[in-house]
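The chain below stands alone and is given in structure tokens; this is the form predicted on its own.
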């Protein structure tokens, strides 16, 4: 089909660039399938559903955990809440919490800085005052600092928000100490929200720990794929506010290629946008031409880390499923592996826990992630750990070009 070139886009037009965000943790323009979770948290901020102020978000890699956590944080900030953002990479969560609390207290507390008269001239024309910063080098207990900060945020009509991403990597003892402070604040009647996100398998293992009672009572949100129709509409709406458009057929195909997986929704949209070049309409061939690149990226960025370090027996179980077009009968898997059908359940349960397979009816299982079968076939051809696409091309380095 012949294309009519679009006008040269205005480089200052914010709509001119690629609107898709396929990087992990990057917030997309359109959030697909998260309406209910966002409505509940908005209501929780307003005090209508206070039990939903403690939220635990879990899911697979690329499912949108960090994106939803970020959206919740932005909603809280818009509502006037104060955010204490913690990182699992910190040497001490409590030290980081203390530092952030003090930084906010210096800004919010009208008593953060005090002064007293130390001397004055007889004529009272000049005076000397001693300035004292309350929160500099002061050893007040963290409980006191948090209580004061929560009190100030309450008075401002907001609340105190504490967020923690990559929960599966946190030290359990530090997490226990942190949640004890959160519980104390809630028990004192303050408006406090606690949001945490992590990979489902790691979060489940963490919740088995005896000192994570608070998290086990938190409102659990499991993020995952959306239906293909919703994915297609998300892609269409993302493009709608740009100088380009996408044909209905192209949007449907893009949704199908994405399998509704949030990371793939952004990836297929981004690649199709690139393929369309300067044209003002994204056609079905632009989407179809991006399919192999999208699958290769999924294999490298999602399946590669998931399969790395997998035990030989688990890998054998997955490869035994490749003989089936659809869901696999667990009895057939056991026969292909040469084991007693009753023994296959051990590997089945472990792979379900790893988010690699899922039940598909009584006695059947299927792959839990899009294009996992393709990743396993690639392994069979190229060997475990082989790159999906070897790097190609030769280019002079900056240093070489500068020397010419």
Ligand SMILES: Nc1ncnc2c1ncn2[C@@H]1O[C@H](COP(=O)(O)OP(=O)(O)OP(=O)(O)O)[C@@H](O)[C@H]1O
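Numbering follows the first chain given and starts at 1. In this text the structure is predicted, and so the values were computed from the model without any measurement.
This protein has a second form, the form predicted together with the ligand, left out of what is shown; the following refers to that one.
In the predicted bound form, residue 60 approaches the ligand with a heavy atom inside 4.5 Å. Contact annotation for residue 263: at least one heavy atom lies within 4.5 Å of the ligand in the predicted bound form. Taking the partner from the other structure, the ligand in the predicted bound form has no heavy atom within 4.5 Å of any heavy atom of residue 56. Within this chain, residue 46 is remote from the site of the ligand in the predicted bound form, having no heavy atom within 4.5 Å.
Listed stretches are 187-195, 322-330, 255-263, 93-101; the contact stretch with the ligand in the predicted bound form is 255-263, by a heavy atom cutoff of 4.5 Å. Contacts between 64-83 and the ligand, taken as any heavy atom within 4.5 Å in the predicted bound form, involve 64, 65, 66, 67.
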